[in-house]
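A lone chain, given as structure tokens: the form predicted on its own.
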């Protein structure tokens, strides 16, 4: 799947096209496609990020925003005066400008190995952005990428439940769980998401629990 395939198949609410291109390139380095399966790009992580930014979380609708804006500790959580929407918009723009100044083109157009080096520099706070800490942006991006790869597909990421399949996670519980968790037999089932139940893709029993399809594996 290419970037254009993702752009055609997804409707972005907050992110602009240059931001989508930046994130498509960046998240694929954070969780790359390999022999185990699709990476973050093809799992729809950028769609997940976009939907979160477009939600009340993106504007910190439920958080106090009056300051003072002092340097906090990791235990104190989010401390920036910028909302997540603003962090993504500002940081991507400033990183792209840094890349244009240093290499003559934006991040998404750089070679993959240079992109990876830049991401490592962001993680170590080795790139001085005018408005905010590059590490602060990287940490937020990594956290959202991780969330998007393993969250229920209802939220736009984990396309085709690739993250759950990688872990062997069956998703929503079945009414058989109580019996199965006391068994010594491994439990392998096709993962079931909230979206599967909402769209009628997976049938439910009389109690409203989804019916799992067991995967037979050779011992």
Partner chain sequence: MSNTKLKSVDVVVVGSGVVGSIMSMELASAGLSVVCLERGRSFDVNTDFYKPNVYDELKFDRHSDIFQNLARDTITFRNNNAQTALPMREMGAFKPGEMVGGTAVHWGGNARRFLPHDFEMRSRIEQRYGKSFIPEDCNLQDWGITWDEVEPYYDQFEHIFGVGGKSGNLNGEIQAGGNPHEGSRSREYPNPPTRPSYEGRLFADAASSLGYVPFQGPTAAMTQDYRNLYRVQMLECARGGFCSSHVCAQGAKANPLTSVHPALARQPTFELRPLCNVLRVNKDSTGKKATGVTYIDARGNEVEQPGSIVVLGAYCFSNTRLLLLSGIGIPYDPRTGKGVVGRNYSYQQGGSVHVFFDDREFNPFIGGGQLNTSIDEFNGDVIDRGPLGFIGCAYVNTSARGAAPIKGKVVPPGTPRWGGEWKKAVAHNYRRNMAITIHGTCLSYQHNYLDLDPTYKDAYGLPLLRMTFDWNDNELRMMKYLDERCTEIGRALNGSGLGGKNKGTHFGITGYQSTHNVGGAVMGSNPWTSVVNKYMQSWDVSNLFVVGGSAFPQNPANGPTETIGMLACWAADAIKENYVRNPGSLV
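Positions refer to the first chain, counted from 1. Each form is matched to the other, and the largest set of C-alpha atoms that superpose within 1.5 Å is called the rigid core. Predicted model, so just to flag it, every value in this text is computed and none were measured.
We do not show the form predicted in complex with its partner chain, though everything after this point is about it.
Visitor: Look at the stretches 73-81, 102-110, 86-94, 126-134 and give the one with heavy atoms within 4.5 Å of its partner chain in the predicted complex.
Guide: Single hit among the candidates: 73-81.
Visitor: According to a 4.5 angstroms non-hydrogen atom cut-off, is residue 197 in contact with its partner chain in the predicted complex?
Guide: The answer is yes: residue 197 has a heavy atom within 4.5 Å of its partner chain.
Visitor: Just checking whether residue 31 would be counted as a contact of its partner chain in the predicted complex - the rule being heavy atoms within 4.5 angstroms.
Guide: Because a heavy atom of residue 31 falls inside 4.5 Å of its partner chain in the predicted complex, the answer is yes.
Visitor: Please check if residue 208 has a heavy atom lying within 4.5 Å of any heavy atom of its partner chain in the predicted complex.
Guide: Result yes; residue 208 sits at the interface with its partner chain in the predicted complex.
Visitor: Within a 4.5 Å heavy atom cut-off, is residue 161 in contact with its partner chain in the predicted complex?
Guide: Taking the distances in the predicted complex, the answer for residue 161 is no, it never comes within 4.5 Å of its partner chain.
Visitor: Would all three of 14, 47 and 201 be in contact with its partner chain in the predicted complex, where contact means some heavy atom lies within 4.5 Å?
Guide: No.
Visitor: Could you pull out the residues of 109-148 that have any heavy atom within 4.5 Å of its partner chain in the predicted complex?
Guide: 116, 119, 120, 123, 138, 139, 142, 143, 146, 147, in sequence order.
Visitor: Is residue 72 one of the residues whose Cα moves 2 Å or more between this form and the one not shown, with the core superposed?
Guide: Yes, shifts by 2 Å or more.
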